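Take a look at this one chain, the form predicted alone, written out in structure tokens.
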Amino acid sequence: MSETPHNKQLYIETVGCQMNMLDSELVVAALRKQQFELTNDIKAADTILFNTCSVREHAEHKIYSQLGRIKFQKRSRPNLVIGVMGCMAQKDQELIFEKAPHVDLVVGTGQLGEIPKLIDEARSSRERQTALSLDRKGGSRESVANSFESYDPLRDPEMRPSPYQAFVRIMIGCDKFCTYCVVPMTRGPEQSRPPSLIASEVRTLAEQGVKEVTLLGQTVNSYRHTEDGREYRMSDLLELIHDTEGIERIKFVTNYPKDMTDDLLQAVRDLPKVCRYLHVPAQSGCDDQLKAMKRGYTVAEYREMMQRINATIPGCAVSSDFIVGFCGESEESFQKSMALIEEFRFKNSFIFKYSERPGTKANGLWPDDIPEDVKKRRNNEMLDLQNRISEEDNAEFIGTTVQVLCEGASKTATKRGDADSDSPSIQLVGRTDCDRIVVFDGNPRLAGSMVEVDVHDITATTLLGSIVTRQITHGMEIDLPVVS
């Protein structure tokens, strides 16, 4: 099989969660070893990869639209290789080839390490390539789990949220089987990575200049692994990596309410580098809906968890997820979810309209019986409520000084081209210890450093402020707020 020449230009598009973002980073790092270069121009690339999500219908439609737009590019570019990877690939491999016969390779979530080889084979043979994990019913738990091998050998800084932030996968898969969710099928059985490997990866990232790591798992606080005769839970893992030199902040997402243990809350309280922020999806404020979703807890149990969070970690920010329009959701059920948001005043909530997902329990058990216009109304009402609460709670920060990890130029500054200019002051962005976004003006060289910002205004999503500088005069330290 002879190698076919090509320009080594790679275009990759990622949709979905942080886990997908990390997967893309790892794939790009592997391809760079074969001298691939990233490009933002899809027409210039002769290797095009789409890293996909199946959690929501909209994400799948977006990928099929993109595939349709490049359908005829192979006519003038015989070396072009088009690949679909990730959750949608694992779930719908045959459907992808049916809807988009010009796709060359379909690679599931557990076979990302094979992508460089599969690209070469597709380009030289011009035959379709597939690499997929076993179905959940395709063998023993061990054999299915082994087919979802975690792939974490290489990292690529260019694919990170910023040069100073990185994701670290501590577990893969999920065994919760919520009736609306495809993740147990697309990501496989729940498996926790060895703590020694995680600690080693964090050290490597710190050596690369990373200041903040976010530990990832579908239900990250379910982490459990026995190594050298000792069982490690999430609290133990946080303690293990806490003193890594160079790491200044540690986050972890996403949490499962029933696994929010006291020892974990105490670790968040007692370990200074661990952010006082927890993302704990509620999904609904109605017990009937939670039971239908098979979430495994009641509203009373979620409330008890929130009480323990507030008692153990005063001031801890909590965000949540909600699904509106799930099968059988009455107006009364919806209002109970609204009441839950009012009661707990989440920092923010990610709100989604329910859509049927083939392969889930809900898809086979109940009709998708809530009209689209009702879903849209409930979505907007809940979003309006959450925005009002976020705005009111953010207003409490006006007149205070917050510590921020500066991530670099804001989206506004980047769009204006300020990030590439020689200006000594541009609009910067960062986050507080409780995960609130802060925008302020300052020198681009502040990126990657901890700065203090005086907050003077807010929006529902952002704190607006001025960086605080300090001047030493005759042995005295004086605060000098810089007007932005």
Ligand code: SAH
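Not measured: the values here are computed from a predicted model. Position 1 is the first residue in the sequence shown; the rest follow in order.
The same protein also exists as the form predicted in complex with this ligand; that form is not shown, yet it is the one meant from here on.
Proximity of 218, 321 and 352 to this ligand in the predicted bound form is complete: all three residues have a non-hydrogen atom within 4.5 angstroms. The shortest heavy atom separation between residue 55 and this ligand in the predicted bound form is within 4.5 Å. Looking at residue 193, you'd find every heavy atom of it more than 4.5 angstroms from this ligand in the predicted bound form.
The closest non-hydrogen atom of residue 348 lies beyond 4.5 Å of this ligand in the predicted bound form.
Of the heavy atoms in residue 233, none are within 4.5 Å of this ligand in the predicted bound form.
Only one of 34-42, 453-461, 55-63, 438-446 lies within 4.5 Å of this ligand in the predicted bound form by heavy atoms, and it is 55-63.
Note on contacts: among 113, 408, 281, 83, the single residue with a heavy atom within 4.5 Å of this ligand in the predicted bound form is 281.
Residue 181 is the only one of 340, 206, 316, 181 with a heavy atom lying within 4.5 Å of this ligand in the predicted bound form.
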